[in-house]
Structures are given as structure tokens and as C-alpha cells.
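Take a look at this single chain, the form predicted on its own, given in C-alpha cells.
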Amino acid sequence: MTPSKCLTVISFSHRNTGLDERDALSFERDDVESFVDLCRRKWSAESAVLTTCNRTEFYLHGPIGGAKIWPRLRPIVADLRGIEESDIPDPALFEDEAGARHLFRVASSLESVALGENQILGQIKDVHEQILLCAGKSPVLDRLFRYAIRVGKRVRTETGLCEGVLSISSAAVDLAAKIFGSFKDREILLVGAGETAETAAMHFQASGASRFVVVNRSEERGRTLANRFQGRFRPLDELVDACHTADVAVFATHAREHLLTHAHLKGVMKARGYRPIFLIDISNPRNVDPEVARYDSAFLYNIDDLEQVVTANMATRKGEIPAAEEIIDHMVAEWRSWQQSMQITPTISTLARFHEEIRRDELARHGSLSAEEQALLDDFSKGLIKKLLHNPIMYLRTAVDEDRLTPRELDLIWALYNLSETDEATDED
């Protein structure tokens, strides 16, 4: 046994891997369980797998790490996913402190496609739960992911990194909320039944909306979308009538002409008693006549307006990166201190056992002494060993407290005293 083990992170993400490759590497729960079991049996290593739509990452803590472990893992990953080894690209590798920093950055969403998104923290919590549920203990990865969750929470509560919206659809919901406050009992009209309209509906539903009407040229697609959100379907020729009761209307079609004109809205506003209507035109070309905005109670936003909101929010989030990095630096220091304290505990106990064995062996050589002489020699030898161990132990503890202990120093102590032999002998006992 050696005193030091290595933390290794093997990362495939949107930064270094194509979408098709990420899809092929995506682990199912059974794959994760098989992977963790193999790593424990083959290398006595703790392991965990983080899989999202944008990344698959392997976290390992064991006696083999870095560039040495990946060639051994590659065939296992290929076999579990049913792909050829040659189809797996080269990963990004992070070791020890760099590995912890990488996970903390992931948890903070600094490594996400959408800076400041919140979903990744929930996915990291899921991995931590899997670590706790897997057979066998994983104390180092347990602590690492606990720290990562703490980092993610602090970044979200102590900085503005995750404030503001970063998609066109969510920007539309955000603007509508400023006008209506709550979407409870508000009617959301979706003009179009494609992916954009569906995404917008999901954002509105997540913000409290429950009343949906879908207007679409194709009845089949329109009804499918309406049914998904427990809404009603109306054909395209009933669009103007549908605007009579809608509070928010989202236009997302491929129509080449204006579906809602200034003339249409004149009758709509009269029928509504001039109640406000929020019009979101994210079609290209535009489906709503820009002249509609002349009505005081008609709030019209097109894709350019919403992109400005997204751009402004992105600039604000980028300004929060230094604050997030400061939190990460603090937690990396905590992680380093904890790791070092964990490393010196077995070193100190094994060093003490090494000296105790020598002391007892020497006492056994003087078995002919009287009981009184044996007692004096026993007390003397204990005091001597205590003094001999004082400086090395104090050095280790102080080095940890001052954050300057290196794995090389620990390895040197084990090599000088051949502590591996002492540790193995204890395991056999």
C-alpha cells in the first residue's frame, strides 16, 4: 500500500466532444453501477459518473490516476456502451486539485453551454445520491460532491451569476411576467405547434400558467401540442377570435405573411374591452404587423427585442464570474486542507506502529532482566519513542494547517521508513 491516492476526472463535454460522440458515451444507470463495481474490484478505486446532455465525466479516486488510468478504462467504457474504442475521442484529464476545481466549476455552471443555468446542480445532487447508494464506501468522492453542492448553492445565493434569462423563450416569459405579475388564470395562446412554440409553453407552464390554446394550420400537430398542456385547439382561421380572450399570444410559425394585422387588432381590442394583450412574435419572417404596436394596450415584442434582453443578461452574468471564482477558490482550499488531513492520519498511525514494533523487539531481547528493570526499560523506551516522533508529527500537522504539505513529502516518509511493509503486516494481522 502507498499513502497517496489520486483524484482523476476524465471529461467529455461540449468543449472537446461532438454531439454524436456525447450521445454514444451517455451512461444509463445500469452502466454506472457496472462501472463503479469494476473500478472497485480491479483497482480498489472509488468512482462516479456524471452524465448530462452536454457531458459525460468519470470521477475516480484510487492508487492509479491521470493518464495511466484512462487507457485501462477506455475498453471498459467502450464495452459498456457497445461502441468501438477507436470511436472514443481523447478526453480532458484533470488530476487532484485541478479535478476538484473542475467539478466545482461544473457545479457553479461556469462550464455549462448556458452560463448560469440551474439544472446542472440538480444533476450533481443525483450523482451524490448514487455514490451514497452504491455498495461499498466512497468517503473521498462523497466529500468531494458534498463540497461541489455547497459551491453550487453559494454561487447561486451569493452572486448574480444565475439571475436573468438566457433563451428567447424564457426572455419572453420574463417580460410577460413584468406586465401580468402572475400567470394564474391567464390564457396563453400559441400560434404554431413546432418546437419553438412547445418550448415557450414549457416556460410559461413552469411559471404558473395552466390555460393554453393552440392555433395551428395542421390540426393533428395542433391537437397534439394542445393535449400535452391540457389545452384547447383552434384552427388557423379562428386566430383573430382566439385573440379576443388571450392574455399572451406567442407567434412561432413559418408563415410568410402577417397573420395578425393592424386592422385585425382594431376589432380584437374592441372585443377585449381594451384589456392589455402581450404579443410575442418569434417567427422569421414576422407574423405580426409592426403597426400593431401603435395600440397602447398591445405590448408587441419581436425576436430582436428578446435577443437584446438575452444579451444584456449574459453581460450581467459574465460580470459575476469573478465572484463565483472567488467562492470556488475558497472551497478548493477547504478541499485541499481536508485531503491533506486525511493523508497524514494513516501516515502518523503507521509511523507510530513502526517505532512501537522496534521498541517491543528491543525489549524482547532483554527478557532476562528483573520485573523492576523491565518496567524501567519500558518507561524509558516509551519516552524515547515519543520524543523521536514529536518533530515528524508536528511537522506533518503544521504543514497541513499551513497548507504546504505535498504528496511527495508523504511518499518520502513512507519510503524512508518502509512503512508499506508495516501497514501490510498490520492488514494481515
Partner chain sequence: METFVQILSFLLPVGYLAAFVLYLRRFLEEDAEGPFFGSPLLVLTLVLHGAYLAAMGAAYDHIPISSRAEFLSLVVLCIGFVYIFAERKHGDPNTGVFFLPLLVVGQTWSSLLMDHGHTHPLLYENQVYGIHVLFTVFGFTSLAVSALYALMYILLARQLKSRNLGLIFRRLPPLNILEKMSRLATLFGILFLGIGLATGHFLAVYVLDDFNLLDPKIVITYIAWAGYALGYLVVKLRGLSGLRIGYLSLGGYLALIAAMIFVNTFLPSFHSFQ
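In this text, the rigid core denotes the largest set of C-alpha atoms whose superposition between the two forms falls within 1.5 Å. Positions refer to the first chain, counted from 1. What you are looking at is a predicted structure, and each value in this text was computed from that prediction instead of being measured.
The next section is about a form of this same protein that is not shown, the form predicted in complex with its partner chain.
**Q** The chain here is shown without its partner chain. Which stretch in 189-197, 291-299, 74-82, 256-264 comes within 4.5 angstroms of it in the predicted complex, by heavy atom distance?
**A** Single hit among the candidates: 291-299.
**Q** Does its partner chain come within 4.5 Å of a heavy atom in each of 156, 177 and 274 in the predicted complex?
**A** Checking in the predicted complex: 156, 177 and 274 are all within 4.5 Å of its partner chain.
**Q** Using a 4.5 Å cut on heavy atoms, which of 219, 357, 163, 237 is close to its partner chain in the predicted complex?
**A** Residue within 4.5 Å of the partner: 163.
**Q** Which of 122, 322, 285, 181 has a heavy atom within 4.5 Å of its partner chain in the predicted complex?
**A** Of the candidates 122, 322, 285, 181, 181 is the one lying within 4.5 Å of its partner chain in the predicted complex.
**Q** Please check if residue 334 has a heavy atom lying within 4.5 Å of any heavy atom of its partner chain in the predicted complex.
**A** Outside the cut-off, so no.
**Q** Evaluate residue 93 for contact with its partner chain in the predicted complex, applying a 4.5 angstroms cut-off between non-hydrogen atoms, and reply yes or no.
**A** Taking the distances in the predicted complex, the answer for residue 93 is no, it never comes within 4.5 Å of its partner chain.
**Q** Taking 4.5 angstroms as the cut-off for heavy atoms, does residue 305 touch its partner chain in the predicted complex?
**A** Flag for residue 305 set to yes.
**Q** Applying a 4.5 Å heavy atom distance criterion, does residue 115 contact its partner chain in the predicted complex?
**A** It does not: once its partner chain is placed as it appears in the predicted complex, residue 115 has no heavy atom within 4.5 Å of it.
**Q** Once the core is aligned, does residue 247 move its Cα by at least 2 Å between the shown form and the other one?
**A** Yes; that C-alpha moves by at least 2 Å between the shown form and the other one.
**Q** Does superposing the core leave residue 126 with a CA shift of 2 Å or more between the shown form and the other one?
**A** The answer is no; the displacement is under 2 Å.
**Q** Would you tell me if residue 262 moves between the shown form and the other one by 2 Å or more at its C-alpha, with the rigid core held superposed?
**A** Comparing forms between the shown form and the other one, the residue 262 CA shifts at least 2 Å.
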